[in-house]
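Below sits a lone chain in structure tokens, taken as the form predicted on its own.
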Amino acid sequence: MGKHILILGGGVIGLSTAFACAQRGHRVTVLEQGRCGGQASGAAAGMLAPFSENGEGPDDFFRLCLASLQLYPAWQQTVKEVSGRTFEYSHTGSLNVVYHESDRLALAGRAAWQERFGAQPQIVEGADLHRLEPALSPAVHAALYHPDESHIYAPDYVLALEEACRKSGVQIVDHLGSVRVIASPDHRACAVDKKGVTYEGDCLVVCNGAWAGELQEALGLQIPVYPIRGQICAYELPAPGSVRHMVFGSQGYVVPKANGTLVCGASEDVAGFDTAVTERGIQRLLNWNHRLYPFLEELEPYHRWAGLRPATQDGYPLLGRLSQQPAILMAAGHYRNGILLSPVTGQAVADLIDDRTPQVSLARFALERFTRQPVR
């Protein structure tokens, strides 16, 4: 017989965890303070690019990201089948560009260690590079090409996840405002919304992203999760296929979507929980993207938006079970990798709830790693 699982937070991590638990036969209730996918999840560019975004070396976080990328083909197909909804899942590959000969050696170093993890990176330059990506600026000297990296259209993916949860029997209770977590002496999970309605379950999983830090006192745990505002813009491409790959540079990225648009991101700043789009933030994107694609200098973005990314103090997510309150687990602080990490996070939490060993080590992401003394 399955357990009753409470999920606090209806973003991509909360919905993925709810879906994974429901697929295992558990009864699941999602508690969301606003609307599902209303913050970082629906605002993301949807990149599935662990090799491009982890250039320094194969640490535990890279391994977590790679494991999630490998889960994606089957995961996204299951979400589509259960939800009855479709969303873009594109294998465009990626290019990591440099403008100077002196930076080519760094590309070679990245390629060397990434090959050990099943990647097939290639350094492309000159005529070969411009055959691969014709509209790229001639100022780009070389690029590291990863043919296996992908991206999805995040808003449609989150909608499909929500529908897959509902069709799997997950109860979603949204627009709750604030939700308090109550420590239970009988080792059960308990949460109370602002109207005083109490929700009880066998386990509670904290997946409320940038708001996880509000639970420090209730959990007796230091939770250094902070909202980072990410501002993004999108262009209507002048011709279909004029940008063929995800392209990463030192100042940001561009991602071509199947609907004929080009997403450009991301300008980041610390603004608390303010999701307003600022002229200064978008201008940071406009200042560099035409160096990548000269035609962008003649275009105006047709859409500008922002979302809050939950960043931890050390940049790694909080993922695991609370040792002092074993009925409470946490999956929060995924920063800019929530979309990529959604399958592996959902599966890992479901494994913990089922008393199984997750396929990847979670030791580096332990909840207590910031806690030196009890929080009062």
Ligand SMILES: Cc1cc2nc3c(=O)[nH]c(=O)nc-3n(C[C@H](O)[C@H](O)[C@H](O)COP(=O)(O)OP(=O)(O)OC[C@H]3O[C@@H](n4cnc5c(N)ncnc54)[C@H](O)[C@@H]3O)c2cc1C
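Note that residue numbering begins at 1 and tracks the sequence as displayed. Quick caveat: nothing in here was measured; it's all calculated off a predicted structure.
Heads up, the form predicted together with this ligand isn't pictured, but that's what we're talking about next.
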query: Which of 224 to 232, 140 to 148, 113 to 121, 289 to 297 sits within 4.5 Å of this ligand in the predicted bound form, heavy atom basis; finding: 224 to 232
query: Exercise: residue 330 in contact with this ligand in the predicted bound form, heavy atom 4.5 Å; finding: no
query: 4.5 angstroms heavy atom contact with this ligand in the predicted bound form for residue 169; finding: no
query: Contact test in the predicted bound form: residue 33 vs this ligand, heavy atoms, 4.5 Å; finding: yes
query: Distance check, residue 84 to this ligand in the predicted bound form, heavy atom within 4.5 Å; finding: no
query: Joint contact, 71, 318 and 346 to this ligand in the predicted bound form, by non-hydrogen atom at 4.5 Å; finding: no
query: Contacting member of 177, 126, 134, 240, with respect to this ligand in the predicted bound form [4.5 Å, heavy atom]; finding: 177
query: Stretch 264 to 293 - residues with a heavy atom within 4.5 Å of this ligand in the predicted bound form; finding: 266
